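To begin, one chain is listed below as structure tokens, in the form predicted on its own.
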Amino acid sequence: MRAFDYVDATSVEDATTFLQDEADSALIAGGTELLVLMKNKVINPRLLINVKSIDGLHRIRADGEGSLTIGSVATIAELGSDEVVQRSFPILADAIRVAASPQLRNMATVGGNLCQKPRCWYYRGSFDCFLKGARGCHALNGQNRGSGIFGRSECYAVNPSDLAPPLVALGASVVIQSPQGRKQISLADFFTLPRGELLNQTILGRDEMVVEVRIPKQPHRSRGVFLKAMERKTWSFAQASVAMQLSRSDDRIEDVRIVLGAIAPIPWRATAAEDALRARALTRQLIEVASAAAVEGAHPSGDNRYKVTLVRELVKRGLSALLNT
């Protein structure tokens, strides 16, 4: 591991100024992601900026009207044990229960989980890949069992976050700060397909950091479900996941979000399935139609073809679970 300097940020403004002044720097909170990347020599920052020292970034606050604000350095365990999350946003609590291991959940932060790098072994290994500035993606014609089947770009590595799909399904937004000020954008727009000179899966600039995640109040009669398929029951990244949140009016689906995880470089909205469901009553027949629509446009290759069937079945099981709720 390369030698580095370490500094405690005293405020968000302090942290973003360090980022601006030192191009070869990185934020650190729980360290469960960054330290592994450094040990594997994937990234080698000269300066680490500790943001857990910033007062207030760990807070989880409900506003009394049904919305929730989550500080970026709140741990995943803290979020999962929050009474408001368990009561009002069970889809998120369900995702947290199957995220990583208890030890990691006690260290890993919400902001870190959303910003984590892909688990692709070409990126994590000693290979020159697109995300490291090389041309082309080795996974296209190489070992691609874990690679994406949606979101055509110059990189086929999938987004590994367990929190992102349910948060996008809940219509969450993210607050970002830079030395120039703050901005709030939809979490769905926070993630981006790697293309051209953009060697990242988020829109974060070099001097920007995530400050908060905000979840709005959900509509009346809104229900959600999160399902994750993985090779082991714990400490395992998803082979595919689905988060869905729908609300009804007069027994018809008024609004619906279906977000797929681990199948594209970004959390992937199954818009064709959503369109098939919207303004209709949920029935067994409609579930079959929507689950088939969820895999429209998939482009599997080689060893990742199983993900098409996996996604279709996860969507079917999720909608079936919501049928009588």
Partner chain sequence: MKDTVRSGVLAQRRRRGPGKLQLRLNVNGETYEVMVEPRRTLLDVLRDDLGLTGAKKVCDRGQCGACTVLLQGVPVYSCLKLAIECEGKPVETVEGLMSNGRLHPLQQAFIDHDAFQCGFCTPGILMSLKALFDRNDSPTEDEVRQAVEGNLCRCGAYSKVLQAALSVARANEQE
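Residue numbers count along the first chain shown, from 1. Just so we're clear, the structure is a prediction, and the values are computed from it rather than from any experiment.
Keep in mind that the form predicted in complex with the partner chain is not shown, yet the notes after this line are about it.
The partner chain in the predicted bound form comes within 4.5 Å of no heavy atom belonging to residue 26. Contact check for residue 289: every heavy atom lies farther than 4.5 Å from the partner chain in the predicted bound form.
Although the partner is absent from this view, residue 315 stays clear of the partner chain in the predicted bound form, with no non-hydrogen atom inside 4.5 angstroms.
Contact annotation: residue 219 falls outside 4.5 Å of the partner chain in the predicted bound form, judged by heavy atom distances. Proximity to the partner chain in the predicted bound form, taken as a non-hydrogen atom within 4.5 angstroms, holds for one residue of 101, 81, 184, 249, which is 101. The contact residue chosen from 46, 278, 59, 299 relative to the partner chain in the predicted bound form is 46, the criterion being a non-hydrogen atom within 4.5 angstroms. Taken together, the three residues 18, 30 and 39 all lie with some non-hydrogen atom within 4.5 angstroms of the partner chain in the predicted bound form.
This chain is displayed without the partner chain, yet in the predicted bound form the stretch 227-235 from 166-174, 198-206, 227-235, 147-155 comes within 4.5 Å of it by heavy atoms. Residues 4, 5, 6, 7, 8, 9, 10, 14, 18 of 4-18 are found to place at least one heavy atom within 4.5 Å of the partner chain in the predicted bound form.
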